[in-house]
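A single chain, nothing else alongside it, follows as structure tokens in the form predicted on its own.
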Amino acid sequence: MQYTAGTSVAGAARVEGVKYDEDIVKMFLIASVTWAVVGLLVGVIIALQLAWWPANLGLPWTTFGRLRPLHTNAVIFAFGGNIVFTGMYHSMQRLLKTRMWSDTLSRIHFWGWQLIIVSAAVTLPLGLTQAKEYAELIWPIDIAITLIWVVMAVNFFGTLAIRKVEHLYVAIWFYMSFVLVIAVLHITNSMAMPATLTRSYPVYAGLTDALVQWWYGHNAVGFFLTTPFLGLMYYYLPRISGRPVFSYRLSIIHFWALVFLYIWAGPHHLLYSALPEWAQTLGMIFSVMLIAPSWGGMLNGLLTLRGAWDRVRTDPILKFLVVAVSFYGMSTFEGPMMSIRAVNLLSHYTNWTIGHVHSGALGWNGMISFAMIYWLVPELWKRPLAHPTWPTAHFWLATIGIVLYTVSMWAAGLTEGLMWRAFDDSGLLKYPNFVDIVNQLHPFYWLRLVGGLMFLTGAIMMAINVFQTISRPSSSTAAAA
């Protein structure tokens, strides 16, 4: 399957004789840009709190423990979720040559998702939480997520049913795994007995609860931050570069190998715990095996740019895409390595893990999202960017920022791990006072703050650029005037 980068949205719709629903794409895109700034701003605030504790302000609602889950939920489900839905609603209609099955369901999905995000922004600072990583939201919001997800799924599969083409391009398969697996993960991990309107008890206990949680937690990363973004990569990278996918056969192998292996990797979060050793080993083995499909997908993405590398020097959108795919490869190598017991003994519970997560979330998810936004805005609103030189500045701010962030956290993590394991000549801990280790991390925390500020500054520039662009009259309107 081949795409021509110069084909306009309006032109594609006319050629195919289908009037696509562009409004829903615009709505999700605007929401994504908005929540990107909010989520990253909260991230910078909590980074400052770790480097300088008075930034907690002495209030319960503004402490690190309250704002940290707000940051993760805002970046993953608000920024990340909205950009995934932007790309899905935009690309699905073109790949299937049909309008979405129901405009009404599309709008319910949009407004319902934004209401869920606002609910999270209210409840998490109030301390209303289930205390589960990536699944902190209280049970009424969990039910709302399920209902909105069903609405989205009905619209998704309804659109598949009325498609005008027989073949399902590989991006659709990645989207399908996202829709189906996230539903299973969310429902299974969120099963609880309500006690009050804001409190509940999980149906699982002890180690079972931990295993289900990290089966969910790891695969939330796999099927919320990986498979749908790979679907976006397989659509937008060829479309933007004007080059066909390097190997369509490899993209199919990439899909099936990834979705089969990923679902088994969750136990690597529970190494050196009470989890049976065979389950820990299973998680480790499947994690290491994940390198093969992940790097196959990375190479497929980079090799798609053959013949277009000369444009990477001058096109900031292609720069974002190249760095995004490169970070995908790096983070999917680092993750399996960290799941190996000997490495995990050094890395677990340290800032190394924080650096790894952010290299994937900001380096992979963030950079491909920025590329999509910069390409879609002129296409959808039919006007050039208000500040055409800003994306290049944004690219360098984001790239240098995430490198500073990641390297500082790697260094902090190695410092922690080595100091925790250090013994003196008599066999006693060399650093028995935990605060002594924490004091060694201050320079790295300040460096992380600088990197985060750079990344946030780029996002703010993007938001200003986008909102000033869409507020200007379109080129056709200006010509008519």
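Numbering starts at 1 and follows the sequence shown. Quick caveat, the model's predicted, so the values are computed rather than measured.
Same protein, other form: the form predicted in complex with protoporphyrin IX containing FE, not shown, and the subject of what follows.
Taking a 4.5 Å heavy atom cutoff to protoporphyrin IX containing FE in the model of the complex, the contact residue among L441, A31, L70, L40 is L40. Only one of the listed residues (M338, V245, I145, L404) places a non-hydrogen atom within 4.5 angstroms of protoporphyrin IX containing FE in the model of the complex, and that residue is M338. With respect to protoporphyrin IX containing FE in the model of the complex, the three residues S91, F223 and L299 uniformly fall beyond 4.5 angstroms at the level of their nearest heavy atom.
Annotated contact segment (heavy atom within 4.5 Å of protoporphyrin IX containing FE in the model of the complex): 340 to 348, selected among 249 to 257, 340 to 348, 193 to 201, 311 to 319.
At a distance threshold of 4.5 angstroms between non-hydrogen atoms, F64 is in contact with protoporphyrin IX containing FE in the model of the complex.
Although the partner is absent from this view, H268 contacts protoporphyrin IX containing FE in the model of the complex, with a non-hydrogen atom inside 4.5 angstroms. A residue is said to contact a partner when one of its heavy atoms sits within 4.5 Å of a partner heavy atom; L137 fails this definition for protoporphyrin IX containing FE in the model of the complex, lying far away. Protoporphyrin IX containing FE is not shown here, but in the model of the complex it comes within 4.5 Å of a heavy atom of W364.
Taking protoporphyrin IX containing FE as positioned in the model of the complex, the residues of 286 to 303 that bring a heavy atom within 4.5 Å of it are, in sequence order, S287, L290, S294.
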